[in-house]
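Let's start with one chain on its own, the form predicted on its own, as structure tokens.
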């Protein structure tokens, strides 16, 4: 069983427990009371590579990364540094996240917030919207094509933007066929956890020009952003390099500065 399969197995078990505690009617009431979602697509376009800064305590690849006692405070520092959106890990077992983190971050920042998790059910989409998310992650490798297309449609119906994550050419094709407006290209192999930043340049060429391209994994220093910028990235998603930084806000600012496009250049 691959790492991804193990994670999805555990996610389904945790999901069943949450569904038993919080019924759909409760989530529907929460969604009805929530503020309208922000336009994440607009937030991820511009003349500078946008930075999606992540709240991430640990990962399967690196183990513990940071003790984040105040996710809202960290998100505020990210935004002060120029982050265009905040990603919040909500998976608890391997990433140390929670829906409470999502709620806290949503209340603290004026930019779009991504619920980053292993979404396999419409219930999780309702959870995301109920707790204030504007975007959700859909991982192509974790879903069959009918599931992917159904979840993307249901997310859109809820007003959520989907960041559809891919790892190879076939997954990019599936994301495009499903109608994704934002496609993430993850340089991390979810089976081996190895990172190959060159994957982005190869796969970005397969993504239509009207789709927002997001580079995931592989950003350690500002020059990495420049490499992704030149390969066509509209945005980068960065976690480990920020949560382990002594000054996360300044680190975001440095990444934003490195992503500025030459005059006249397009996304």
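The structure presented is a predicted model; accordingly, all values stated were derived computationally and were not measured. Residue numbers count along the first chain shown, from 1.
Same protein, other form: the form predicted together with a small molecule, not shown, and the subject of what follows.
Within this chain, residue 235 is remote from the site of the small molecule in the model of the complex, having no heavy atom within 4.5 Å. Mapping the unseen interface onto this chain, residue 115 falls outside it, with no heavy atom inside 4.5 Å of the small molecule in the model of the complex. A residue is said to contact a partner when one of its heavy atoms sits within 4.5 Å of a partner heavy atom; residue 56 meets this definition for the small molecule in the model of the complex. Using a 4.5 Å cutoff between non-hydrogen atoms, residue 126 does not count as a contact of the small molecule in the model of the complex. Here the marked residues 61, 95 and 186 all reach the small molecule in the model of the complex, each with a heavy atom within 4.5 angstroms.
Partner contacts here mean any heavy atom within 4.5 Å of the small molecule in the model of the complex, and among 237-245, 30-38, 66-74, 198-206 they occur only in 237-245.
Note on the partner interface in the model of the complex: the residue among 176, 193, 141, 158 having a heavy atom within 4.5 angstroms of the small molecule is 193. For the candidate set 105, 180, 85, 89, a heavy atom within 4.5 Å of the small molecule in the model of the complex is found for exactly one residue, namely 89.
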